[in-house]
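The chain below stands alone and is given as structure tokens, in the form predicted on its own.
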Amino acid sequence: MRSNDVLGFIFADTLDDKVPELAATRTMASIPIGGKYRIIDFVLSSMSNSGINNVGICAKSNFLSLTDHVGSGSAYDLSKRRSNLTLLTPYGGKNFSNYVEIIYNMHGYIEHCREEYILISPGNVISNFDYTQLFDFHAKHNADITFLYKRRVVPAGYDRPITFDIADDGKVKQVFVAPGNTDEVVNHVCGTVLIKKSLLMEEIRKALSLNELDIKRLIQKSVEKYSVYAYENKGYTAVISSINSYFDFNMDLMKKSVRDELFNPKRPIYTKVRDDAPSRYGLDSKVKNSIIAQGCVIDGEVENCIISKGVYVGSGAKLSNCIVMQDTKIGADTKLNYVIIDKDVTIKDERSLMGFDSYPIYIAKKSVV
């Protein structure tokens, strides 16, 4: 199977309702992470690095931030004569949990594209994955449908998670929806699937005619009708399905092993470029185990923090275990611990806020504290 015969398709609003604070003014896929990236950078970069030349992004609402970030796709090498990035907004105001109607509403775009296969991916997954492995596995087993799965305990926030019982050769024997014991390590499927476009649209049209709108039920029935396989992603993979998982992932970036795997120079992660001057550190500043983007001014103390571009930390301020998004101003002698601060926030002098690792405090975009 050739990579350029695969259409990439991303659902940008995946599990928006599980992070209402962060997704109040943006889609899940455009939530800032790691100081300079957005969640969608990882799946877009993985698709581009795997040779996929045509990608569609489906978003329901709050897509201004997403549109501004991905632009024409040039940052991801998807704006050439034979490559394209298309933002599909809006898709008719349908309920985002009803994937059957959403995909059908996109049938004009999907069927117009020249690619024979479609790779569908959720917008809340962070991984640097080589999809050519999935393509080769699909072709080798002559599969009709191939899902990507991860061996793990189902993350919090998945109300009706899908898990598989898989044979040694990767063939799916049984599909479970919302299994009872959520503390066990299972074969968790979070939405990435490779399928022939014609087969997908045939099943979607049939489901609509029978009023079978539950996509998870369709997946269960597909095992009886088609050759369904599953391929394991053995690399580092994070899913954002709650405010805690968002916080935990950013803290994971402090680990060198995680950074080395996610930011593999052989498969670079691309993002929108914002040119800023190098960050400036005051004479009394102290920085420990933190990621500081460019354009910052640090006059206080920072430890175990993710600091985005253009952030100012005043003299005498002490930040620990915080995520600070771009262009935020933090006043002098401020004490912050376990706090997530959105963009363009102003925190005045001598303020004190403290959360906990299992309950970080969130400050909304453009707030003044």
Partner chain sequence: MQTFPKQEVVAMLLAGGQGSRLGVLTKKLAKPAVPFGGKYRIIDFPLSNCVNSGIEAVGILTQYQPLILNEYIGNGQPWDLDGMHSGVNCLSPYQAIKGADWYSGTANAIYQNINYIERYDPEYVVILSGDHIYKMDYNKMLEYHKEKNAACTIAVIDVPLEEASRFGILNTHEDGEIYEFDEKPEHPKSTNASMGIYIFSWKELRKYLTDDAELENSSHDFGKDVLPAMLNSGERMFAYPFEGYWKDVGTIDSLWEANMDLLDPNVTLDLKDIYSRNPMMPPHYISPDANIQNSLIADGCNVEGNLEFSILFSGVTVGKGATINSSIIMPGAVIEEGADVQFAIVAENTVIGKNAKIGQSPEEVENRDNWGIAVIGENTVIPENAVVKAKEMIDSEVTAK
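Note that the coordinates shown come from a computational prediction; the quantities given were computed from them, not determined experimentally. Positions refer to the first chain, counted from 1.
Keep in mind that the form predicted in complex with its partner chain is not shown, yet the notes after this line are about it.
With its partner chain omitted here, the record of contacts in the model of the complex names 278-286 of 124-132, 220-228, 278-286, 106-114, defined by a heavy atom within 4.5 Å. Contact annotation: of the candidates 56, 310, 314, 35, the single residue with a non-hydrogen atom within 4.5 angstroms of its partner chain in the model of the complex is 35. Exactly one listed residue, out of 83, 294, 86, 89, brings a non-hydrogen atom to within 4.5 Å of its partner chain in the model of the complex: 294. In the model of the complex, residue 271 approaches its partner chain with a heavy atom inside 4.5 Å.
Within this chain, residue 158 is remote from the site of its partner chain in the model of the complex, having no heavy atom within 4.5 Å. When contacts are judged by a 4.5 Å heavy atom cut-off, residue 250 does not count as touching its partner chain in the model of the complex. Under a 4.5 angstroms non-hydrogen atom cutoff, its partner chain in the model of the complex lacks residue 176 among its neighbouring residues.
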